[in-house]
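The chain that follows stands alone, in the form predicted alone, written as structure tokens.
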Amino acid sequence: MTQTVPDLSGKTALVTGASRGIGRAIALALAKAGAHVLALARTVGGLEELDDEIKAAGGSASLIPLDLSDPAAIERLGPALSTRFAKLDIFVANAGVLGELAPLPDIYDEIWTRTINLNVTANWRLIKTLDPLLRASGAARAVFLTSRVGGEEPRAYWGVYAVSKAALEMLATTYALESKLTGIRVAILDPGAMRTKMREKAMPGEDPSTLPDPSEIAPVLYATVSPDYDGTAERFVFREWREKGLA
């Protein structure tokens, strides 16, 4: 299909989990559309490789090596960004972990806690620290990455991941309702099964060549950050877009 790329010139976009997989693809797509990308991840090497790709594509980025399991580091993020940027126009909450695929009674306490902390609590902390910058935009877009097993289809053995994504969707929806008068619009994006390390970990026997490349998510992503989007935590499902020939 012919992909309509929006003009995001002059906009600043923060993407978490930007060093690989879907986050990397999202960061590249936003940079190619003209946004200055704030790429956040733990892996410095991956961020540097992303920076090279963005520059090669004619875009620009700032790298933020940060561990989202560190509450104090998240709390410092917003104030630190405000010294360099007057506003934040796009926030994509992509970072997340799979946890453990196991029966609920068999999940280790530390894995449950870490998965909920990274997939839910860290995003609540990010909302807290970034909200002033998002409000300053006047028309910010916040996008939260989810999963079918969290919002649509409960599945045995996916317990902690599914629970975390269901909670994340409620977090995003609540923020959308609370922020409606500020110009912030929230979207929930379900990429489905894609050719990523997380998918490989979850389904080790699957042929990755049968899955879409993360870069194919761009048309759906662009719809979530478009000035025309005026929904309240509307759910954008890549699978449905693809079936309609839109992605």
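Note that the structure is a prediction, hence the values are computed from the model and not measured. Start at 1 and count along the sequence shown; that's the residue number.
Another form exists, predicted together with a small molecule; not displayed. Remarks below refer to it.
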Please run the contact check for Ala95 against the small molecule in the predicted complex: heavy atoms, 4.5 angstroms, yes or no?
-> yes
Are any of the heavy atoms in Ser19 no more than 4.5 Å from a heavy atom of the small molecule in the predicted complex?
-> yes
So in the predicted complex, does Lys55 come within 4.5 Å of the small molecule, heavy atom to heavy atom?
-> no
Lys180: heavy atom within 4.5 Å of the small molecule in the predicted complex?
-> no
Considering the small molecule in the predicted complex, find the one stretch among 34-42, 218-226, 55-63, 180-188 with heavy atoms no farther than 4.5 Å from it.
-> 34-42
Option touching the small molecule, based on a heavy atom within 4.5 Å in the predicted complex, out of Ala172, Ile127, Leu145, Leu88 | Leu145
